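Let's start with one chain on its own, the form predicted on its own, as structure tokens.
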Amino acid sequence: MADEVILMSFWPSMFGMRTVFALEEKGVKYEYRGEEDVINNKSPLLLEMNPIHKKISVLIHNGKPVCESIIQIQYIDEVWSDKNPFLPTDPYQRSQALFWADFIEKKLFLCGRKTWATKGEELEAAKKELIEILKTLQSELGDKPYFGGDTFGFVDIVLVGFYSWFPAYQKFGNFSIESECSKLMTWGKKCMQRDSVAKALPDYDKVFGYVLQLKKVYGIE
């Protein structure tokens, strides 16, 4: 009997995108429900499957929910372990991949959000912090094609969903990531050449339009 795999997400979510990348890289057949209204009208299924956080993304495997995107990537890597491993087998290298995933998780989303949700001194501080975060990641990337070395791996999956948001960060924040982090942007373009990434990343203009909607919803001028 084939596995039943459902992904509940919302199309602009860089967290939901991660799980799509992982499923696509493994060649797993799944049903994608990417129109979950996470602001105004959370579905009964979402509330049932994630009663603690009540948010996307939720991976449902044979009726059982797996919540939080980084945990989902690890789960997918372990369940479908016969193809394209994401995490290194070496314990130290594995610990480093998990460290950088945690760094991205704790730093990037909130700082990126401030580039379109704040003004004045707070915005200037956010731009400076964001560039520092990205420079740190670029330094870790070094001259490797991917964070996973020659292979698209765990850290790449965790980070690349943000790539589709970079233009919105730059436009609303009035700054350039390209001029400060050109190697990281080259990495993003390389990731875009992968079918798994190209399939999940939304169009930049669509993300920009979504941020305009968010600004309206939250009363941010």
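Predicted model only: the values in this text are computed from it and were never measured. Don't overthink the numbering: it's just position in the shown sequence, from 1.
Only in words, not in the display: the form predicted in complex with a further copy of the same chain, which the text now covers.
Even though the partner isn't displayed, in the predicted complex is Lys64 close enough to a further copy of the same chain, meaning a heavy atom within 4.5 Å? Yes.
May I ask you to state whether Lys127 is within 4.5 Å of a further copy of the same chain in the predicted complex, using heavy atom distances? Although a further copy of the same chain is absent here, Lys127 would stay clear of it in the predicted complex, with no heavy atoms inside 4.5 Å.
I'd like to know whether Leu110 contacts a further copy of the same chain in the predicted complex, with contact meaning heavy atoms within 4.5 angstroms. Leu110 lies outside the contact set for a further copy of the same chain.
Partner contact for Thr151 in the predicted complex: a further copy of the same chain, 4.5 angstroms, heavy atom: Output for Thr151 is no: heavy atoms all beyond 4.5 Å of a further copy of the same chain.
Are all three residues Lys119, Lys171 and Ser182 in contact with a further copy of the same chain in the predicted complex, where contact means a non-hydrogen atom within 4.5 Å? None of them does, since no heavy atom lies within 4.5 Å of the partner.
Looking at heavy atoms inside 4.5 Å, which stretch does a further copy of the same chain contact in the predicted complex, given the options 163 to 171, 46 to 54, 184 to 192, 24 to 32? One stretch meets the cut-off, namely 46 to 54.
At 4.5 Å, heavy atom to heavy atom, what parts of 95 to 121 sit next to a further copy of the same chain in the predicted complex? List them in sequence order, or say none. Stretch hits, in order: Ser95, Gln96, Leu98, Phe99, Trp100, Asp102, Phe103, Lys106, Lys107.
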